[in-house]
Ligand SMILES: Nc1ncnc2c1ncn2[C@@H]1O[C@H](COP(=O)(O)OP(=O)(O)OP(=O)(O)O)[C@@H](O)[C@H]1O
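Next comes just one chain, in structure tokens: the form predicted alone.
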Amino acid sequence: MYISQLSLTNYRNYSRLTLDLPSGPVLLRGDNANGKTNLLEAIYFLSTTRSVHTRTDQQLINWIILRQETLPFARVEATVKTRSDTFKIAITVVREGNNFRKDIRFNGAKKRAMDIIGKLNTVMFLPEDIELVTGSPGIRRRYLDSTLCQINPDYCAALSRYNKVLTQRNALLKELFKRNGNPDQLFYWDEQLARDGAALMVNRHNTILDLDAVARQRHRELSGGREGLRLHYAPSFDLYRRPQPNYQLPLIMEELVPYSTAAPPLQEVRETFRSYLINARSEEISRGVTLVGPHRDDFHFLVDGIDMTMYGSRGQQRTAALSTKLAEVILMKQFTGETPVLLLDDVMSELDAKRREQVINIVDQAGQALLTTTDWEDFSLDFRQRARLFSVAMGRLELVQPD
């Protein structure tokens, strides 16, 4: 899978851009704040319908256009080629009165966001992705959801239903506390929550096992074989009714069985979820919020048994995050049959020569990879000679020849 043409109109600092792209590596060099990351973000936006940096869709529109035009809009469009198909995806953000909406098109036909997620698969690594390791559980949940939605439409549908039921159940909990209502009213919502919640948890558990198997190898390569990375799923309640491990102590993965084996059957997880909801009912009513479920899940990065979320150097944390992202490429290919587009933003800046070499080896295996840098010398002449090179300045791209 690769993008053969990308078009941007009024997107961030790009007024107009039409760019023909090859398969294989594409290297973008430019000073900071000139638009390198914005271009990668535009591709990720087409893939997931969400921006990685902005809080609102309004912020995607070029600020000059937003200030001057009466009907400001931003548009991102790409032609995508796979082994068996060629298609176009376009997303337009347009202002209507005081609101902004997304118009999503697939081969010209209007679609919902859920309908196009997974059509163009991408894996993106940003310098701030170290927060995947150091940040809150919510960041890690969003990462899992984004990954799974690209490879599993059923997961995405279950996630949407779960979030809607969770909102309604929380509203009922608050109402029950306010008027001292009958807790039996929760039975219906418990059933709905357990149905989709169990599906989310089983998928997350098994996906992290798959990621773990590949991330271990990627991490060994990046660390020169000096460290061992393991990924460990930490649901809000234990699927096997076991006590949670103490992540403040060194852990041995072999001792975490059955955590490191496939999830229990879906029906068993559903029944376990329901029982936890019933046991937590009194506290949930008093607090007005659902206390157990996949909306409170987490997962951990363990290097030689040490939890990198709590401990570890910045270099270890960054390498763990990068290893996981690179493993995601293999995971997506296994599930979809297509290699995703790899988007690497300033990935070389904090890596030593050995780790840079390993990253290039992985990039060479990708169908298409777009990388950014502020210095051509971050990449060897050999790599530059086989990559398509662009200089980026003030939202403009210029094709350049390698030295």
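We number the residues from 1 along the sequence you see. All figures in this text were calculated on a predicted structure; none of them were measured in a lab.
Absent from the display: the form predicted in complex with this ligand. The rest refers to it.
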If contact means a heavy atom within 4.5 Å, which one of 31-39, 353-361, 333-341, 45-53 is the stretch that engages this ligand in the model of the complex?
31-39
Option touching this ligand, based on a heavy atom within 4.5 Å in the model of the complex, out of S391, S23, T9, N13:
N13
Give a yes/no on whether Q368 approaches this ligand to within 4.5 Å in the model of the complex, heavy atoms considered.
no
Contact flag, V347 vs this ligand in the model of the complex, heavy atom cut 4.5 Å
no
With the partner left out here, check for me: in the model of the complex, does some heavy atom of Q68 sit within 4.5 Å of this ligand?
no
Partner proximity in the model of the complex: L27 to this ligand, non-hydrogen atom cutoff 4.5 Å
no
Partner contacts in the model of the complex for 370-397 (non-hydrogen atom within 4.5 angstroms of this ligand):
T374
